[in-house]
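Only one chain is given next, in structure tokens, and it is the form predicted on its own.
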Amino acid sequence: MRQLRKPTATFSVKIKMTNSLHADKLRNDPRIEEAKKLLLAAVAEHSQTLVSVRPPNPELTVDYEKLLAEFGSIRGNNIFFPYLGSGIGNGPFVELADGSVKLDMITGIGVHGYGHSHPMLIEAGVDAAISDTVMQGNLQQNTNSCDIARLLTETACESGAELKHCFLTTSGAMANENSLKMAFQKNHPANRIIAFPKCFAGRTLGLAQITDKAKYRVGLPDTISVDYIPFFNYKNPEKSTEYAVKRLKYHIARYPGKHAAMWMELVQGEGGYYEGDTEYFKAIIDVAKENNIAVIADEVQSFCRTTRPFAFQHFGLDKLVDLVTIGKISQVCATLFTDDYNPKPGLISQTFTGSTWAMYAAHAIVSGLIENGNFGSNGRNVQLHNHFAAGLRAIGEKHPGTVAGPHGVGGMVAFTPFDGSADAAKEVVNRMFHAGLMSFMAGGDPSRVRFLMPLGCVTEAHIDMACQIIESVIAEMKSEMKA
């Protein structure tokens, strides 16, 4: 079994050396180790046949449709995909309750970084299950809460950043909300935000104002005033940078002293997988710093998906970021921040800061990706991206006018289907789902089909399988258009 990186804090080491805690005796009980072996063997036995996509079992479809309808009625709206998992998978493959098997290349929009039924996470789950509480929070946290916070801050600071502090939370939206509260408190009475068009910050009352999607604000009261500056344009880097700086200075001059933070998705996720540029970011950050505007890097989707664990490291912005938010792949979410943005007592506090399982899983996932070579200029993230991109380019060359791109970086991959309309992207996504491949949409004008690979378990062979399904769907739609 894979061993996780050991905690390094002196306090934790002293506790382990005393060998007097009942919790340590429980964790080291040979029956627990034997239980893990038995559980892993049982899961492996039942999941090992899940190695390819398969259609639904006709004997299960009627009850499955009833269950989908019931769930849709209870929650108020149908779920996007007719997807209800059975509870087992095998890496990127997942079984649904209708007996079908899907190749999961969207992973819950980036959540399942090690796919489904991964042995490492089963072990983490057992460690969590024998802990005394399901959730940890405000008044009571266990030592593994400190372990994951330490891992995140040490990793964030390894190339010069000053993100010494970490507040854990249960969702990416809450991590983002907390970063906003810290920025507003530090820079009071400033009450405005600078952001990029097509950004996605979340759907809370506050974050919906930053998220550049009008339909997410329908019926909601105004909460935060937001000014937008153009995002980097790779087709015209110098002029796009110059224009963004010009617009930033315009907003600052129009509302002097009123901007609390610069909200930055370094790689736009929901917006369409647009990647920024180091010189562009440095140019606008310089202006922000000159005007005491906090620099917030929203990495809820991009965390662990570039050449470094953090996207700000990928772009060489270590000395420039004030607050960073992470989520999705990390299971437990977090806001990391510098000394300058350490909040006053009472501003940040939550009954739940995360489940015990999420904390164990987070430590396993982040340390696993580091130890398994996912990062670096030629790490697994880059290799997997290049392989997927090559496959998509080959489809585009074979079927001109159907697949444009690809776009994204590392574990974030997207292409523009056909005319780039929302209808075309949705049709491709739905057809691929029924053919056995899971993806999702992103962006608008153009709309794109995106993938967030399970970086801890996906292989080039899985990507080849995905590309075969993509090509079959593209060819089918192209043929229908000609008919």
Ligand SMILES: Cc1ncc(COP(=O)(O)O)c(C=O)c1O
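None of the values given here were measured: they were computed from a predicted structure. Residues carry their position along the shown sequence, with the first being 1.
The protein also exists as the form predicted together with the named molecule; that form is not presented, and the subsequent description refers to it.
Full three-residue contact with the named molecule in the model of the complex, heavy atom 4.5 Å, for G172, F200 and K328: Yes: G172, F200 and K328 each sit within 4.5 Å of the named molecule in the model of the complex.
Interface residue in the model of the complex among D322, D127, E270, D98, criterion: non-hydrogen atom within 4.5 angstroms of the named molecule: The option sitting close enough to the partner is E270.
One residue of L121, A358, V300, L163 in contact with the named molecule, assessed in the model of the complex (non-hydrogen atom, 4.5 angstroms): Selected option: V300.
Partner contact for S179 in the model of the complex: the named molecule, 4.5 angstroms, heavy atom: It does not: once the named molecule is placed as it appears in the model of the complex, S179 has no heavy atom within 4.5 Å of it.
Contact of E265 with the named molecule in the model of the complex (heavy atom, 4.5 Å): Yes, E265 lies within 4.5 Å of the named molecule in the model of the complex.
Stretch in contact in the model of the complex with the named molecule, which is absent here, among 70 to 78, 391 to 399, 378 to 386, 300 to 308 (heavy atoms within 4.5 Å): Selected range: 300 to 308.
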